[in-house]
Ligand SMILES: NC(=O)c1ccc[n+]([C@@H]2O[C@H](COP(=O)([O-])OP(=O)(O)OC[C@H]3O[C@@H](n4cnc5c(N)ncnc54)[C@H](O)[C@@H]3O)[C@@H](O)[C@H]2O)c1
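We begin with a single chain expressed as structure tokens, specifically the form predicted on its own.
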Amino acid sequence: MSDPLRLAAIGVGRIGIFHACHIQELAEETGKCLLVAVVDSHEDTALRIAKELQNNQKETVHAFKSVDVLLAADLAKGAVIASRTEDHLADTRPLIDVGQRVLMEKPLAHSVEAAAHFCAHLSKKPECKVALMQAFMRRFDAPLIHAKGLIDNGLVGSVFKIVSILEDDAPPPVGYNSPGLLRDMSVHNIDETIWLLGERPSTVSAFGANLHNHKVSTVHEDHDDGFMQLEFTGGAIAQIQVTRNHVAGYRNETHIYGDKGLICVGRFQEDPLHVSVEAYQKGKIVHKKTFRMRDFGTGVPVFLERFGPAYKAQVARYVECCLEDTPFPVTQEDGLNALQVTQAAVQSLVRDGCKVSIEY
């Protein structure tokens, strides 16, 4: 067996701490990786998290305040990056430039222009072009993977519409810096529809509203409710709903319409840890499978209740690709595509829903 991949977790806030824990769990379960460091621009946070994580392993978890200091220590051979969006490229590029491969949380960058420039930079060298895995965890979600298998096997025929719904039950945390509702919430939905349909959309129409959340939240955001419709050259459409206003609880659903039936992934219910995949044909159910999500206990972000296993699965895939020196299944190009769709959606939104062509 090869030596374990020595990893750093960069940015150990809301989601980064879970990435670090997943590295430790995979280390215990597989021996294929090892957490050697955490990095956070708030040095006190890095020190506190390193101390907490040290309880889970024998090897030392070092704490650093910057990627430069991490590189100087020469401890890690890869990294999972979950720092602030505006720091993504500054944290990522030095690692890739010295030959490391990284897993980066969405979005790729703070703007389409910055993301496109970074993609061009990576394309200059073959080894850099395959050095980044974009963290679109829905592609590693067991219920959605199962649904995609049903699509690919023709259970509902030719798919002509996907409805992807993401509705939060509360505002973002105090101090959160939102780039706008569509930019902040819809990137995963956009990538999900591209992945399920196997093509990029050509046009988008988008709408936004302020209905409730903006009255109770301390976080400034352009809208608290949004809708977009994507059109694909193959004739299909995707409708994406995002909101902060589902006050009854977190809601995450995907509905896939084909000419022979319908697939439903998830539904709003009392127990969010059970996610069902159901397929219907002519009013009757023809397939059903239920997936049990991981119970993290109280106090975790609501999206961890739904996608916790998927977050861990994508870290596992990242580790395997690094150890086997194989291409990543999700790349910077996928991250750029999602940002390009979002930018066109924002342009449509400010034009009162006018259809906008997406520039790739």
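Whichever C-alpha set is largest while still superposing within 1.5 Å between the two forms counts as the rigid core. Sequential numbering from 1, following the sequence displayed. Here the structure is a predicted model, which is why all the values come from computation and not from measurement.
Another form exists, predicted in complex with this ligand; not displayed. Remarks below refer to it.
Chemist: Hey, of 290 to 298, 53 to 61, 40 to 48, 328 to 336, which bit sits against this ligand in the predicted bound form at 4.5 Å between non-hydrogen atoms?
Modeler: Going by heavy atoms within 4.5 Å, the stretch is 40 to 48.
Chemist: So in the predicted bound form, does Ile15 come within 4.5 Å of this ligand, heavy atom to heavy atom?
Modeler: Because a heavy atom of Ile15 falls inside 4.5 Å of this ligand in the predicted bound form, the answer is yes.
Chemist: Hey, in the predicted bound form, is Pro143 touching this ligand, heavy atoms inside 4.5 Å?
Modeler: It does not: once this ligand is placed as it appears in the predicted bound form, Pro143 has no heavy atom within 4.5 Å of it.
Chemist: Going by a heavy atom distance of 4.5 Å, is Asp224 a contact of this ligand in the predicted bound form?
Modeler: Residue-level check for Asp224: no, no contact with this ligand.
Chemist: Given that the partner is absent here, does His117 sit within 4.5 Å of this ligand in the predicted bound form, heavy atoms only?
Modeler: His117: no, not in contact with this ligand in the predicted bound form.
Chemist: Going by heavy atom distances of 4.5 angstroms or less, which of Ser205, Ser83, Asn245, Gln100 would be at the interface with this ligand in the predicted bound form?
Modeler: Exactly one listed residue reaches within 4.5 Å, namely Ser83.
Chemist: Scan Phe268, Tyr176, Tyr280, Phe160 and let me know which has any heavy atom within 4.5 Å of this ligand in the predicted bound form.
Modeler: Only one option qualifies, and that one is Tyr176.
Chemist: On the criterion of a non-hydrogen atom at 4.5 angstroms or closer, are Lys106, His188 and Phe303 all touching this ligand in the predicted bound form?
Modeler: The answer is yes; Lys106, His188 and Phe303 each reach this ligand.
Chemist: With both forms fitted on the core, check whether the Cα of Val219 differs by 2 Å or more between this form and the one not shown.
Modeler: Yes, the C-alpha moves 2 Å or more.
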